[in-house]
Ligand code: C5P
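Just one chain is shown here, as structure tokens, and it is the form predicted alone.
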């Protein structure tokens, strides 16, 4: 794959609901970078599986990914608990990951020309997708903090679910993401750890911005 030269690449790995998506969007807007929430792609496929239980296949996934529009990833249904569980399962399939990886890497290394680069967040962006990223961040937060954030998000969508159900789902997601055979979630030695448990969105971005600016200026 041919790569655009002299672009800014930011890679973020993170467990669910740690705030990585929010920070990636802020980074994208501030530095004019193309943003891709890679987890949403697996949620899209997970939702596809739920809707096509009898006809779900690799060919169907390939067709969907080929015609995928980024606005399709903004569907609020992708935030639902059952979709998250389905996404975690399909993400363990090696063939599905290979299909998704090609799309993700194309976005990372060949973003539209109007952007100065790209920022991707997910579970294996640093370890597999964009190993040579200019900036690598591992964003995390305590399980209970993440559960409260996700529960609040569900309530805003009028989703009937309890805090304990969200907590249980996230605990299982963490286990699945970290233990899966292909592309497990883990922090690399060269990634910068940022714990958002006690940080506001603004304070977290300020910390990240300082790191990025220092390298870009120097």
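Everything numeric here is computed off the predicted structure, so don't read it as measured data. Numbering follows the first chain given and starts at 1.
If you look for the form predicted together with this ligand, you will not find it shown, but the lines that follow are about it.
The candidate spot formed by 38, 88 and 180 is fully in contact with this ligand in the predicted complex: every one of the three has a heavy atom within 4.5 Å.
The partner is not drawn, yet in the predicted complex one stretch among 88-96, 108-116, 67-75, 133-141 has residues with heavy atoms inside 4.5 Å of this ligand: 88-96.
In the predicted complex, this ligand lies within 4.5 Å of some heavy atom of residue 123. In the predicted complex, this ligand stays beyond 4.5 Å of every heavy atom belonging to residue 208. In the predicted complex, residue 10 stays away from this ligand, with no heavy atom inside 4.5 Å.
In the predicted complex, at least one heavy atom of residue 16 sits within 4.5 Å of a heavy atom of this ligand.
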